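In the block that follows, a single chain appears as structure tokens, in the form predicted on its own.
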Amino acid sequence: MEKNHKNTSIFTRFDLTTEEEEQGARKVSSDPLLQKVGSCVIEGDDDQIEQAVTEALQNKSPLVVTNEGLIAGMTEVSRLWAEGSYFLPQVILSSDAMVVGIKLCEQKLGHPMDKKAKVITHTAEGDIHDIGQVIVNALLSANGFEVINLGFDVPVDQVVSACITHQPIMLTGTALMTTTMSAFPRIAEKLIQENIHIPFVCGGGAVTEEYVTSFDLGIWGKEASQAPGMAEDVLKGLSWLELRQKWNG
């Protein structure tokens, strides 16, 4: 005898249903063309991003496509990352799609996009866990900053030397282990000796607000998604101490 399965609500996993709803990306534009561009970034769709951007560029300026399509999409990726709905592979795919789109916009514009300012990023000496740094790099780039990526396991003196050479508006450091985050106050001390008083945003699994705010220049970065906002504040003229007061309370 065939059973009646019409009433299946008792078998529904409401926790999974809710999770799927929460993971849904928000619309980034009311314009269909820009929404398509943003969706390709959010989905990390390398195959469709070129077509979407090309179509949008037919009647929109490269700056509009960049800001209201590509960057808007990456901003939504940042939100999904911050709430735990997106993970590293998704963010990297989205970043790659965004880079493809920006190159097309630059070709249409006839020259590279103007960068707002330089930010140096690195993962602490002795530490190879650079996931946080990868996210920071993607989000800063998406928001128009030139990222000087020093990589992972970067010696203290190399970080200081890069700051002297590139003169960034901000430095970031990532550390997963308590044994490696001790590099941060040493970097800060050497920067001050060189009369470089830029904000030094430090974050990662082992890093705490109490630790970072115990030395000059240090600002605790709780989430990678905070990096673009902090860099924007520096552009507005906030000092490292003002940045600490705003973001670390």
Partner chain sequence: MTTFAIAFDIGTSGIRAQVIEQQSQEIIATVITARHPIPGANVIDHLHFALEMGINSTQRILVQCINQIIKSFPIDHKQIMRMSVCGNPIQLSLFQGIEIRDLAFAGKQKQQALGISTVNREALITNAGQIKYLNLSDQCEVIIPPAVQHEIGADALAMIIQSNMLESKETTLITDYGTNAEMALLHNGCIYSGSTAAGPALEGQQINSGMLAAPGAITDILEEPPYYRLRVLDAEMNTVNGPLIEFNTNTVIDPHSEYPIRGITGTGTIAAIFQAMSKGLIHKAQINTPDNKLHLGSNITFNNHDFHEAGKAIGAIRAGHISLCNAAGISLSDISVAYMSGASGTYMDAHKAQQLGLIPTQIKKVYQIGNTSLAMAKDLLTDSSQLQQMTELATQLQENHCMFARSDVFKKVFMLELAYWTEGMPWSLYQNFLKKYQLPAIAEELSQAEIVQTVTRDINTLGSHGLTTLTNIGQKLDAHMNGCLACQSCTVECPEQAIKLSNTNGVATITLDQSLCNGIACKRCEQICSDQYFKLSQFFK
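Take the two forms, superpose them, and find the largest set of C-alpha atoms that agree within 1.5 Å; that set is the rigid core. Quick caveat: nothing in here was measured; it's all calculated off a predicted structure. Positions refer to the first chain, counted from 1.
The same protein also has a form predicted together with the partner chain, omitted here; what follows describes it.
Student: Given that the partner is absent here, state which listed stretch (68-76, 165-173, 90-98, 103-111) has heavy atoms within 4.5 Å of the partner chain in the predicted bound form.
Tutor: That would be stretch 90-98.
Student: Counting only non-hydrogen atoms and a 4.5 angstroms cut-off, does Ile135 reach the partner chain in the predicted bound form?
Tutor: Flag for Ile135 set to yes.
Student: Given that the partner chain is not shown alongside this chain, does Ile131 nevertheless sit within 4.5 Å of it in the predicted bound form, heavy atom to heavy atom?
Tutor: Flag for Ile131 set to yes.
Student: Though only this chain appears here, would Ser161 touch the partner chain in the predicted bound form if you measure heavy atom gaps against 4.5 Å?
Tutor: Judged by the heavy-atom cut-off of 4.5 Å, Ser161 is well away from the partner chain in the predicted bound form.
Student: Would you check, heavy atoms only and a 4.5 Å threshold, whether Glu146 touches the partner chain in the predicted bound form?
Tutor: Glu146 lies outside the contact set for the partner chain.
Student: Is it true that Asp153, Thr178 and Arg186 each have at least one non-hydrogen atom within 4.5 Å of the partner chain in the predicted bound form?
Tutor: The answer is yes; Asp153, Thr178 and Arg186 each reach the partner chain.
Student: So which residues in 63-83, when you check the partner chain in the predicted bound form, have a heavy atom no farther than 4.5 Å from it?
Tutor: Heavy-atom contacts to the partner chain in the predicted bound form: only Trp81.
Student: For Gly151, decide whether the Cα shift between the shown form and the other one is 2 Å or greater, given a superposition on the rigid core.
Tutor: It does not, since the Gly151 C-alpha is displaced less than 2 Å between the shown form and the other one after the core fit.
Student: Is the shift of Val41 between the shown form and the other one large enough to count as movement, that is, does its C-alpha move by 2 Å or more after the core is superposed?
Tutor: Result for Val41: yes, a 2 Å-plus shift.
Student: Considering a change of 3 Å or more, are the Cα atoms of Gly205 and Tyr86 closer or farther in the predicted bound form than here?
Tutor: Compared with the form shown here, the C-alpha atoms of Gly205 and Tyr86 sit farther apart in the predicted bound form, by 3 Å or more.
Student: Against the shown form, C-alpha atoms of Asn143 and Val91 in the predicted bound form: closer or farther, for a change of 3 Å or more?
Tutor: Result: closer.
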